[in-house]
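Take a look at this one chain, the form predicted on its own, written out in structure tokens.
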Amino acid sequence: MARSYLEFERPIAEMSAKIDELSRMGSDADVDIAEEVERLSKKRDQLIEKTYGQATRGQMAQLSRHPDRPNFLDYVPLIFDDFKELHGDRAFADDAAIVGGIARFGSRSVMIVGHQKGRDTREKIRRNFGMARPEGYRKALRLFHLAERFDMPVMTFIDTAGAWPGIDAEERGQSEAIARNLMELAVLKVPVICTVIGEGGSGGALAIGVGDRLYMQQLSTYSVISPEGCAAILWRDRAFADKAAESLKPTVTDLQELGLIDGVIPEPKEGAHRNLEEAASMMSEVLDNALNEVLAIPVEKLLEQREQRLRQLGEFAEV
């Protein structure tokens, strides 16, 4: 698959192209240029580290929705076994923006639910770019209750710009559906582990983001609104997106400092969008440790800790 590069990743793309060209040239001419390729590869690694290490918050927001960034369904076969998708909210329709079902995680049965943005144009339209309508959140809630009934841990994967803001969604009770999910997840009698794998946006993310542990992949973001949306509201000009991102503080570093997440899932040196298999392995290891940790806690104690955790979010001091 052809790789896509963001504008600020362009130097990495040029260096990669030069290395590929040299490698082909050496192979075609039967000339050993391994030393030069190795030198350029090390230089490229340093460039990658510098580019991502010094990325602005606006650039991090771009990375979180990179065209090549893995979707929820890209991770499922690499982390879980025997996934059986379950459909519909039993009231209106099956929302393709949210996917969920029963799977095996190691030796355990788990319920997994996640946003699915889609890859090509046709799938993106079918999935509504990962922006769920009320029936999507009601489907998720049905699966949460099913997990509770059969004593299965819940694992959610967040990747959305936000809930769908269309008139049809409002007519069917978008805000009520999100609010009910928040309320029900807060008291669900099974462990709930949430992971932001891309873009965590607003109530659309929160609707499947309340749990005992919240993790974020290294290059993901989580905020009340996208930088572009914030800029359009405050300055009536999306050109101020970078300025908005600096105020929103949506990166893993920001959210760790604020105490809003429980940990960061590392990504390969070039990001999950360049090495899906390694990214999945890193995520699986963190989630396995987290699941073992929460399963060791009695249900009553788990619910008590969940309540305390939620009540401590957003603490502030008056000066």
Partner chain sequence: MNWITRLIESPKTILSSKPDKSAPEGMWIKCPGCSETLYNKELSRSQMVCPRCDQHLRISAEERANTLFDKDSCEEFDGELRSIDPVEFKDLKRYKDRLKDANKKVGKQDAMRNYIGDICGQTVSASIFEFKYMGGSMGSVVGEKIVRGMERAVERKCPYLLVTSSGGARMQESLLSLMQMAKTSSAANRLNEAKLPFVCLLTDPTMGGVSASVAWLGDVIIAEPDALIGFAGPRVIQETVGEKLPEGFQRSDFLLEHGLIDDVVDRRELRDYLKVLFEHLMHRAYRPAC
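What you see is a predicted model, and the numbers here were worked out from it, not measured in a lab. Positions refer to the first chain, counted from 1.
The next section is about a form of this same protein that is not shown, the form predicted in complex with its partner chain.
**Q** Taking 4.5 angstroms as the heavy atom distance cut-off, pick the stretch from 70-78, 89-97, 111-119, 170-178 that is near its partner chain in the predicted complex.
**A** Among the listed stretches, the partner-contacting one is 170-178.
**Q** In the predicted complex, does I233 have a heavy atom within 4.5 Å of its partner chain?
**A** The answer is yes: I233 has a heavy atom within 4.5 Å of its partner chain.
**Q** With a 4.5 Å heavy atom cut-off, would you call R142 a contact of its partner chain in the predicted complex?
**A** R142: no, not in contact with its partner chain in the predicted complex.
**Q** Taking its partner chain as it sits in the predicted complex, is Q217 near enough to touch it, meaning that at least one heavy atom pair lies within 4.5 angstroms?
**A** Q217 lies outside the contact set for its partner chain.
**Q** Please determine whether A241 contacts its partner chain in the predicted complex, using a 4.5 Å cut-off between heavy atoms.
**A** No.
**Q** Considering V190, I102, L146, L182, which brings a non-hydrogen atom within 4.5 Å of its partner chain in the predicted complex?
**A** Of the candidates V190, I102, L146, L182, L182 is the one lying within 4.5 Å of its partner chain in the predicted complex.
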